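Only one chain is included here, represented as structure tokens and corresponding to the form predicted on its own.
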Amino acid sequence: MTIYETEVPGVGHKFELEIDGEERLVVIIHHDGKRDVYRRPDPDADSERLFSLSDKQARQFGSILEGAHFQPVDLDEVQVPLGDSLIEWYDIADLDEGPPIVGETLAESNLREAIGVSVVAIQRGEETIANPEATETVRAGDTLVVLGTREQQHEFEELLDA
């Protein structure tokens, strides 16, 4: 990851972090400690303001990101009761051009046979559909809770990005 630092006269410092391809996360730290966080899809695009934090909020949030409150484990090294399987959450795009499974029932999507993953729950707004029936239709805006191996989860992500 590349980080660019620039002094902003009369304001403070600007940091740009490359996150995906040419996408950047931009953080401006003001002299008074305030932090403004922006997202820029590519180096030539305008930045979109995401949020601002006070100095205290930024330090607390930074300690969370740093892992001071929870230290993730290397899943390649840990034994889990599900064997090689993991549970992941996937937000289904709320767009006109959503993933190919939008509008299909779980049976029609054929996820278990084609990829090997199982949808164990669907979060739809405030409603949670646990152990959804094969006749349940996937909708844009749903969050799918999916069980599968790391490789199967990766293949499912590729399907969603198609």
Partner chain sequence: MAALLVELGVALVALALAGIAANRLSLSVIPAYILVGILVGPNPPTEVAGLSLQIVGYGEFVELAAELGIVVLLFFLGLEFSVGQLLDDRRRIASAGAVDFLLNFGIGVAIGLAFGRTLLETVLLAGIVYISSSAIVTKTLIEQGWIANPEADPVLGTLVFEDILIAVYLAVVAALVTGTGGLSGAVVDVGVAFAFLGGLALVAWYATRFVEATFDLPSDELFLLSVVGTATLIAGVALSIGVSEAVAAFFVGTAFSQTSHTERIEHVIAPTRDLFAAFFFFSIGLQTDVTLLAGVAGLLAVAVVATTVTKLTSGAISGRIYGLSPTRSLRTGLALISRGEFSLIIAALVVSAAGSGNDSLADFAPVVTAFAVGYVLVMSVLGTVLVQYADAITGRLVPLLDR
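Numbering follows the first chain given and starts at 1. This is a predicted model, so every value here is computed, not measured.
Although not depicted, the form predicted in complex with the partner chain is the subject of the following passage.
Comparing 101 to 109, 122 to 130, 40 to 48, 57 to 65 against the partner chain in the model of the complex, the single stretch with non-hydrogen atoms within 4.5 angstroms of it is 40 to 48. Although the partner is absent here, Lys14 sits close enough that one of its heavy atoms falls within 4.5 Å of the partner chain in the model of the complex. By the criterion of a heavy atom within 4.5 Å, His31 is counted among the residues contacting the partner chain in the model of the complex. Contact check for Gly10: a heavy atom falls within 4.5 Å of the partner chain in the model of the complex.
Within 4.5 Å of some heavy atom of the partner chain in the model of the complex lies at least one heavy atom of Val26.
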